[in-house]
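Only one chain is shown below, in structure tokens, and it's the form predicted alone.
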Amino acid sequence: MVAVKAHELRNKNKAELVKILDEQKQALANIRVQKVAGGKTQEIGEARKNVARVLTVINQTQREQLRLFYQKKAFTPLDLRVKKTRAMRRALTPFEKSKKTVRELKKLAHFPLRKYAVKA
């Protein structure tokens, strides 16, 4: 069994990928039948990984298309948002950090920072 290369799968369309996936699943089923009959068992691992590679490429391309679709929208689905950390997601935005209260604005207006001329 020849390993499927992920970079070769990336330039195929969805229909071709589904066709390859069906072929790989069929090959895996055949290898399982051979195993019961007393055949080689090493090929099962490679067949399973081939199926996983095809599914991974399908999922990655699908998520990439969804990211492009939601790029200009007001909201994006939770699973497409940037993960970061919980604390970073809840932190104030730079705009929110720069906002000042009315009291603070009055204080700054009435008591500006004093400038001193220091003699050298």
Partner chain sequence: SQNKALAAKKAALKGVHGKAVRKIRTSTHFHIPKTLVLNRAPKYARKSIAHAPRMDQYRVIRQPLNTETAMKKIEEHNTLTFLVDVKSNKNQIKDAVKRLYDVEAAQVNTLIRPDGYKKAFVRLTADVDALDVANKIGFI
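Positions refer to the first chain, counted from 1. The shown structure was predicted, so the numbers you read here are calculated from the model rather than taken from an experiment.
The same protein also has a form predicted together with its partner chain, omitted here; what follows describes it.
- Looking at P77, you'd find a heavy atom of it within 4.5 angstroms of its partner chain in the model of the complex.
- Among residues of the shown chain, V33 is one whose heavy atoms approach its partner chain to within 4.5 Å in the model of the complex.
- The closest heavy atom approach of R63 to its partner chain in the model of the complex falls within 4.5 Å.
- Taking the partner from elsewhere, R48 is found to have every heavy atom lying beyond 4.5 Å of its partner chain in the model of the complex.
- This chain lacks the partner; the member of T41, T93, Q71, Q26 within 4.5 angstroms of its partner chain in the model of the complex by a non-hydrogen atom is Q26.
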